[in-house]
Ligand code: NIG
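Consider the single chain below, provided in structure tokens and representing the form predicted on its own.
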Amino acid sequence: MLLIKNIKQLLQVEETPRTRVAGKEMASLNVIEDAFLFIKDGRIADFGAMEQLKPEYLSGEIIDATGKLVLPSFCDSHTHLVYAGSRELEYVDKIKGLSYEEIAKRGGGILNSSKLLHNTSDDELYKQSLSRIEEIISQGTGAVEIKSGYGLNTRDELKMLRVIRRLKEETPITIKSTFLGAHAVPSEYKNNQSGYVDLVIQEMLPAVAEEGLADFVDVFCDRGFFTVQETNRILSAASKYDLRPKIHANELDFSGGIQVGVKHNALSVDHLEYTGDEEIKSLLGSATMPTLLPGASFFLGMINPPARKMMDAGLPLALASDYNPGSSPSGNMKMIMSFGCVDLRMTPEEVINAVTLNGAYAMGVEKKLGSICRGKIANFFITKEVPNYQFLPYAYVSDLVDAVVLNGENVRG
């Protein structure tokens, strides 16, 4: 048993669990001042104002959180954190004015990461990725989705997914895995893109399904990558293996990726820098979570997605880090909240909803994680002493995490 007492503010509390928060509700956040949180058997057993604290809760481990906040752990629903090496030289190319697409066309970008991964052993890839997992846990993330997509051949895609499975088995964080064989077209298929799509469908998907390595399937449906027609083919094939889509869409142009994602009941469509009235209309009434990746927009100097317009139309929004070596080399979700406030003009309440409950929905774990609710897994973090929750995105580079609890166990602090 674990009791957190004298909490200055206990955030994202729910008496009745919700699946997600949308539209005007994004601006509301349930907070209890001067609160307690009681954990038993790895689950949230009770919470409330300190005046409601029951004497029997004082018999186990106790943490005094005077002056501190408690939040449900961040749910980062879009990352590529299993990768080899780094791409800082491309960062210099970006500074000199080359675009993401220009770097990709000359063999950089995703293809560069593919070469590095091919020449990295399974154990070394795991070691590098474990370091990133430990990093994001220390920053308050308690659930993360990780994609393949730097393999671009059957052997290396499976290698990535097996490393993700090992991370899932050997670390306390909740992990969901996504097969992203259609991340880019490898150089040997440069003049035969349809042939590579055939390889993804006929060889990669069955191999992934046979080992049960993926929870979801993804396609980079955008200008210069995979077309709507090719995405349709891949998602139709993946449905035979019960792999629900999570789609890279509309990062570079109005690609049709949002609409094809909704058509296939995608759990989320992600990036969305290019989102207009038609895209918003297609998302309204769907079960698809629009997920914005402001770290990538910031790093690449791209336009920002119309977050305010989307929420005003009644849509929910999730925010994720897009942790990857080429366009968002950080998994710091507190910084992502700051980008949400500064670049997307979202309020602190809206970004907290976007990185907790809506992030949980976007990776299919909203029934277990994403809020402080009785019966949910006890994944949360305790801040250092701060004045209020608005201070979290305001102090955008400060490490404000004092302790991290995952599955009811204190793993930092």
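Source: prediction; values computed, not measured. From 1 onward, residues are counted along the sequence shown.
Below, we turn to the form predicted in complex with this ligand, even though it does not appear here.
Taking the partner from elsewhere, no residue among Asp76, Ser177 and Lys246 has a non-hydrogen atom within 4.5 angstroms of this ligand in the predicted bound form. Contact check for Lys159: every heavy atom lies farther than 4.5 Å from this ligand in the predicted bound form. In the predicted bound form, this ligand lies within 4.5 Å of some heavy atom of Asn324.
Taking non-hydrogen atoms only, Glu251 approaches this ligand to within 4.5 angstroms in the predicted bound form. Mapping the unseen interface onto this chain, His80 counts among the residues with a heavy atom inside 4.5 Å of this ligand in the predicted bound form. Considering this ligand in the predicted bound form, the lone stretch of 135-143, 316-324, 122-130, 162-170 in range is 316-324 [heavy atom distance within 4.5 Å]. The partner is absent here; in the predicted bound form, the one residue of Tyr274, Phe299, Phe220, Tyr196 having a heavy atom within 4.5 Å of this ligand is Phe220. Scanning Val185, Leu235, Val208, Ile110 against this ligand in the predicted bound form with a 4.5 Å heavy atom cut-off leaves one residue, Ile110.
For the stretch 138-163, the set of residues having any non-hydrogen atom within 4.5 angstroms of this ligand in the predicted bound form comprises only Tyr150.
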